[in-house]
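What follows is a single chain, given as structure tokens, in the form predicted on its own.
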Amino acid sequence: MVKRPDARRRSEKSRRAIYDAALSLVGDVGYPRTTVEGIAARAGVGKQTIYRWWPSKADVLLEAFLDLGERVAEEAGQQPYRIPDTGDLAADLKAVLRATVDELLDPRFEAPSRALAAEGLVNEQLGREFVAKLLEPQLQLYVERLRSAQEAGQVRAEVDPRIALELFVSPLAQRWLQHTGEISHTYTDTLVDYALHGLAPR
């Protein structure tokens, strides 16, 4: 008896090929020159396969990014999209920001990340989707961790967590995007120390 192909396995293989093709193509040629046809050709699938699963190239790329983030976290032995809560706020923030530095410097991430981030500055629709689907869910994890710290008395009750997180997230993003300086574990550790302890003499 001939064994029938596993359709789910075949679909997953195609989906993975499309993710990889989308990320590598946008890194190679930039977002404006990336097309569904180009992704399909690089992935070795028909473009109708892509349109069956996603309405646009932006949707393909954003989903591919989410998938890549989960895979990288799993490879590092981390629970995807979680900030640890050990009771030590500084240590927890330093740990997650160190992981972010490693991700930003990972060649699998860097070129496509820069291409999408740059396009998001001039393409308003893509920028909104990038924030809504990728950036904001990650920022909300910082909000949750800071609120936990407030409940534990480690952060002042009147502090707005959504603003506070920008003290260490935004400088890292700016330095990475604009190449204004090296990003490293030491750099992000210092950001956390400055954010939590301020600049005035103790």
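Keep in mind it's a predicted model, so treat the numbers as computed, not measured. Each residue number is its position in the shown sequence, starting from 1.
Omitted from view is the form predicted in complex with a further copy of the same chain, to which the following refers.
- Could you tell me which stretch in 40-48, 169-177, 66-74, 53-61 has residues with non-hydrogen atoms within 4.5 Å of a further copy of the same chain in the predicted bound form? Checking each option against the 4.5 Å cut-off leaves 169-177.
- Message: If the criterion is a non-hydrogen atom within 4.5 angstroms, does every one of S11, I83 and V143 touch a further copy of the same chain in the predicted bound form?
- Response: So, no: the whole triplet misses a further copy of the same chain.
- Message: Can you tell me whether A117 touches a further copy of the same chain? I mean in the predicted bound form, with a 4.5 angstroms heavy atom cut-off.
- Response: Close contact exists here: in the predicted bound form, A117 approaches a further copy of the same chain to within 4.5 Å, heavy atoms only.
- Any non-hydrogen atom of V122 within 4.5 angstroms of a further copy of the same chain in the predicted bound form: V122: contacts a further copy of the same chain in the predicted bound form.
- Would you please decide whether Y19 lies within 4.5 angstroms of a further copy of the same chain in the predicted bound form, comparing each non-hydrogen atom pair? Y19: no contact with a further copy of the same chain in the predicted bound form.
- Query: According to a 4.5 angstroms non-hydrogen atom cut-off, is R128 in contact with a further copy of the same chain in the predicted bound form?
  - Reply: Flag for R128 set to yes.
- Task: Quick one: name the residues from 129-154 with any non-hydrogen atom within 4.5 angstroms of a further copy of the same chain in the predicted bound form.
- Result: Heavy-atom contacts within 4.5 Å come from V131, L135, E136, G153, Q154.
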